[in-house]
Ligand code: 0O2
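Below sits a lone chain in structure tokens, taken as the form predicted on its own.
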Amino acid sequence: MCNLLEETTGEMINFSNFERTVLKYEYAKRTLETEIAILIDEFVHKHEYNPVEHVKSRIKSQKSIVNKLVNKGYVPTINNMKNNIYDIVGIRIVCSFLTDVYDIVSMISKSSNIIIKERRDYISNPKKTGYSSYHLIVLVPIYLSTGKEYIPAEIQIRTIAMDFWASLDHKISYKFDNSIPKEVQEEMYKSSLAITELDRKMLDLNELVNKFSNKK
């Protein structure tokens, strides 16, 4: 918890300065939404196939940011918000099949308009809870009258099945205030294994369908 001592003189987060600061994150969200939409359109045009079921985006609330800073051991100041929270802007891309996830990751990686800062492959290496997804921490350029700035954002790419499991996991964690009983944890983990198996079966089915479609 030593991070609590790192900044005691910075401007504490309040409604006024949060609304002012978060504007830059709103600009980054719009920029990232546009870039992803263009990349998906280009992919569809090139491959005559849309790998994306839907895209969702959000800006983290002031309450969520303050709670996250405190949980990480930081004083909830504007400077700590800027320097230590990388998912204030969040984009979630939900795909049909497992291979689509990696196609989307590759597509974003080739973009010259955003910089990838960090990759977290929770599909190859799921969290101990069973959570699976592919996360990218990116830097998004925004252009202001004062010049260009880079704003961090998180992109989550996952299948429909993974998204279903993650949604339930979030609701369960909220219900138990993150102190989930061991029995519930075990059942959730078993469910995550079933989700992984379902993704594999659906991928096999898709490949079988494509095999017969190509024979026509």
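It should be emphasised that the depicted structure is a prediction, and the values quoted were computed from it without experimental measurement. From 1 onward, residues are counted along the sequence shown.
One more form of this protein exists, namely the form predicted in complex with this ligand; it is left out here, but the text below deals with it.
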Exercise. Counting non-hydrogen atoms within 4.5 angstroms of this ligand in the predicted complex, say which of 63, 58, 54, 30 makes the cut.
Key: 58
Quiz item: Pick from 166, 36, 160, 151: which has a non-hydrogen atom within 4.5 Å of this ligand in the predicted complex?
Solution: 166
Practice problem: Give a yes/no on whether residue 103 approaches this ligand to within 4.5 Å in the predicted complex, heavy atoms considered. | Solution: no
Quiz item: Taking 4.5 angstroms as the cut-off for heavy atoms, does residue 127 touch this ligand in the predicted complex?
Solution: yes
Exercise. Verify the contact flag for residue 122: yes if a non-hydrogen atom of it lies within 4.5 Å of a non-hydrogen atom of this ligand in the predicted complex, no if not.
Key: yes
Exercise. Decide whether residue 170 counts as a contact residue for this ligand in the predicted complex under a heavy atom distance cut-off of 4.5 Å.
Key: yes
Quiz item: Can you say which of 64-72, 143-151, 22-30, 42-50 gets within 4.5 Å of this ligand in the predicted complex, counting heavy atoms only?
Solution: 64-72
Quiz prompt | Heavy atom of each of 87, 131 and 156 within 4.5 Å of this ligand in the predicted complex | solution = yes
